[in-house]
Structures are given as structure tokens and as C-alpha cells.
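Take a look at this one chain, the form predicted alone, written out in C-alpha cells.
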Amino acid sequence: MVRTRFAPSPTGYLHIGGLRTALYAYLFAKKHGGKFILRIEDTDQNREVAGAVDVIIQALDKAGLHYDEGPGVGGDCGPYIQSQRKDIYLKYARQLLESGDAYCCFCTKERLEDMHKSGATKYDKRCLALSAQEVQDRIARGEPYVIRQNIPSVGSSTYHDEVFGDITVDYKDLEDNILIKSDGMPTYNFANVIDDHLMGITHCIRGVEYLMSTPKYNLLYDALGWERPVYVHLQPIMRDATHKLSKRDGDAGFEDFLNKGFLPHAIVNYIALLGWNPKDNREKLSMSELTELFSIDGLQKSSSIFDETKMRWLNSLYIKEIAAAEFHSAAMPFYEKYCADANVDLEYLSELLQPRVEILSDIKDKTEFLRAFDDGAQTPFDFSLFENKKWKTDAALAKSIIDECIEITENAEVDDLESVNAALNALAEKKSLKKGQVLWVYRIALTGAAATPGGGAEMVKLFGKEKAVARLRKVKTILDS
């Protein structure tokens, strides 16, 4: 059975690149009827951020990547948090010591720093020369030590990667990495090999930064007599041609884009296409379609550049097709943030906005009219908004028809948009004006804003008759002053 894993470090948030790695591992497992496992790699306790594990789990859930085994779910290969597996790693480290594939290193931090200052690019194997008795004596005296991997000094290693083909690395370019730190905790380089084997991982899907260090892991597999997994290395997602997408440079986390108002699956859909080609040029794909189409031979050797504008476009397609109730629910946090005191029919506002926003944070600008001119607004009414060159309107025209606009609104059936528009059209005919002139003045008088998600009749329905009339009367007072 195919078994893949996503093994993030709990450092605070789920990077878009990490989410894509998880997505590909998930899609591959599901396409082949396999299992997708979540493992938390928290061996570097100094970098762990409190609550980060929950952030990762919640992000995967929102993205629709539901793991089959892992924290909170369980499984036959647990525990799935590395810090809880310390004794497991020590067992295999001792086995490597006995076979000579690892050795104890007592070098101090100062000695290692001096070595590197002198120009050394890797550890010089000094402690490999210690006798077994000397090692035992120094351990007995309580000297701190680490366990290092004993990598051959000569020769090379070749392995096959499903994306990049055969990769050959000379052993002389590899360092004797630390497997077990002085506190007894494993390093990533060791723990990931042990865990992948014990958890039955058949396909190791991860970032390209591990491409050249994989021979070190293969030496461990071979030394322990284990079968190597299939390797799939992924190129990074780039901000531009020379820079990776990074949190330091702005938004790069899954939650960042959710907070901007991107829908979870729109993000998933977009990042699926950053490094993978479905071969039929489709861009909008459901999770079931992604699962059906995904294949390793569609993965690209080149990096992909993240284009937020393109993701906005894709997100707009999803927003337009989701159910009205789903859009309204998704929009509520943005209403609470930007329209908390608006006192309008929010469900109807959602009806107006759904075809007009690309991402949910567009709600801020699209509802500016609710804040620009209201009963308690501090911003003075901008009479220049009445001026429209196309319709030849101005504040004087507004003043000449404001009483009729108020009367129409007082008599309006606010849910009958056609009757409101018919009354406004009749007013235009009565005053020998063009329909567009009256409609423009009416909407501006109601909203005090140049752009609104609907015309005057829609604004009356949104505000309700009482509030709409109050707004118009306020404008009349200002016009008459």
C-alpha cells in the first residue's frame, strides 16, 4: 500500500510551500488508495512555537487534507510527534555504533568553531580515531557527546529521484552529520529516516533542498538493512525569478491568505498548479478532480512563481459559484470587521456583493459607502459626487429633485425594485430629464459614495425605508443650507 507523509516542524504557521508538499503527498496517496500521514518533527525544541501544532492541524483541515494517521487521529505507527519517540531513536543509534556506521564525538563547541575558522568546511572525523575503551571512559566521566554518522571518505552514491532522475553525490562532499544530540534528542537527519521506515512510508515527497543530502539518508537505510523509499523532490515556490516566497517578505502562510479572504480550496487549487501540470490545461479543479489527475510525471523540474493576481482570479470563480448561504457565512467575519455598525440587511448585502468581489477582503472597499455617509459619520457629504459629465448632473440638479426623491422613497415597496425604478423613471419624464440623470443623483444622495454594489433601488432595499428616507432628508438639509 502507498503511504505518504507530511512532516512539518511546529515553527508557527503553515507556509504555502509546505501546504503544497502536503497536498501532493495527499493526492498521490489518495489516487493510489493509500494512506496520508501527519508527523510532527519537533526535535529542534528551541525553534518550536507554542500552539503551532494546532495551527498546522487546523490549516490542513481547512484545506481539506484530512490525514489518515497522526496527532489526534492515532494509528498503528504512533506516536506521531517525534519528541515522544526519543527512546526509539536511541535504540537504532546504538545499533549503528555497534556496526561502525556511527561514532561518539566529544568535540566541544569551541573546538568546532576553531576548526571552521581555520577554513574547514566539514567535521574532520577526529573522534572516529578514539578507541572503544576511551569512548567508554569519557562517557563514564560524564563528558557530553553527540553521535555522528560515519560517512565513507571515498566513493560516491547514486539514487533515483522521480522528478530529477539519477542523482550522484561524492561522499567527500558530505559531512558526518550529528544523529543524536548531546541532550539525547535526534536530529532531523536521523529521525526522519527512522520514522519513515517504521511508519511504512513508501514515497518520500519533500523539498528540493534535500536532493543532495539524500545519499546520507540512504547510507542509514542500507546500514540498518532497510528498503529505501521512492524519492520525489519538489522545486520551491518563488516570489520572483531569484527569491523564494518567504514570510519575511510578506504573505507566505496559508492563514495569511485566508485572512485576506481567499477561499481555502481556491488556494489549494492554485498551489496545486505551481509545479504540476494536469496536461489538459484546466485551471479550476475540485479536490476529486485533482486526485484523479495528479501524477508524479506531471511534476516540473523548474521553480514556479507565485502570482497572487492569478490566484485572485481563480478565487473569484469559486466565489461566484458557491451557494449564497455559504458566501454569506464566509463574509460574516469581514462584515464584523468593516460593517459592524452599518445596521443594514447583511444577507441582502451578500447578495449584492457576491458577484462583485474577487476575495472577501474586497468587502472593505465595496462597503465604503456604508462608512462614507451615515447618521453618525464624521466625513462631510462630498457634493462633487453629484457631478457627472456623462449625465450632466450636479448639486443644483440634486437640489431640484430631492423632495420628489424623498417622496418616492417614502411610498416605495422596498422589496419591489422594479416599482422603485419605475417611479424614478416617471420622475425623469416629469422633469424632462434623462433616466440616467435621476438614477445617478438618487444613488449618490442615498449613499454619498461614487461606487456602490447596486443602484438606488438596491440601496433602498439594503438600508430599509426608514434609514433611506433619513439619509435623503439629511442630504436635503445640507443642500438647502
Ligand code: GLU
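Source: prediction; values computed, not measured. Counting begins at 1, following the sequence as shown.
As for the form predicted in complex with glutamic acid (GLU), it is not shown, yet the points below apply to it.
Asker: With glutamic acid (GLU) left out of view, choose which of Asp68, Glu41, Glu413, Glu48 has a non-hydrogen atom within 4.5 angstroms of it in the predicted complex.
Answerer: None of the other options qualify; the answer is Glu41.
Asker: Could you spot which one of Tyr188, Phe106, Tyr221, Phe164 gets a heavy atom to within 4.5 Å of glutamic acid (GLU) in the predicted complex?
Answerer: None of the others qualify; the residue that does is Tyr188.
Asker: With the partner left out of view, is Tyr210 within 4.5 angstroms of glutamic acid (GLU) in the predicted complex by any non-hydrogen atom?
Answerer: Although glutamic acid (GLU) is absent here, Tyr210 would touch it in the predicted complex, with heavy atoms inside 4.5 Å.
Asker: Quick check on Ala7: any heavy atom within 4.5 Å of glutamic acid (GLU) in the predicted complex?
Answerer: It does: once glutamic acid (GLU) is placed as it appears in the predicted complex, Ala7 has a heavy atom within 4.5 Å of it.
Asker: Using the partner position in the predicted complex, report whether Arg206 sits within 4.5 Å of glutamic acid (GLU), counting heavy atoms only.
Answerer: Contact with glutamic acid (GLU), yes.
Asker: Even though the chain is shown alone, can you say which residues of 402-421 have a heavy atom within 4.5 Å of glutamic acid (GLU) in the predicted complex?
Answerer: Read in sequence order, no residue approaches glutamic acid (GLU) (within 4.5 Å, in the predicted complex).
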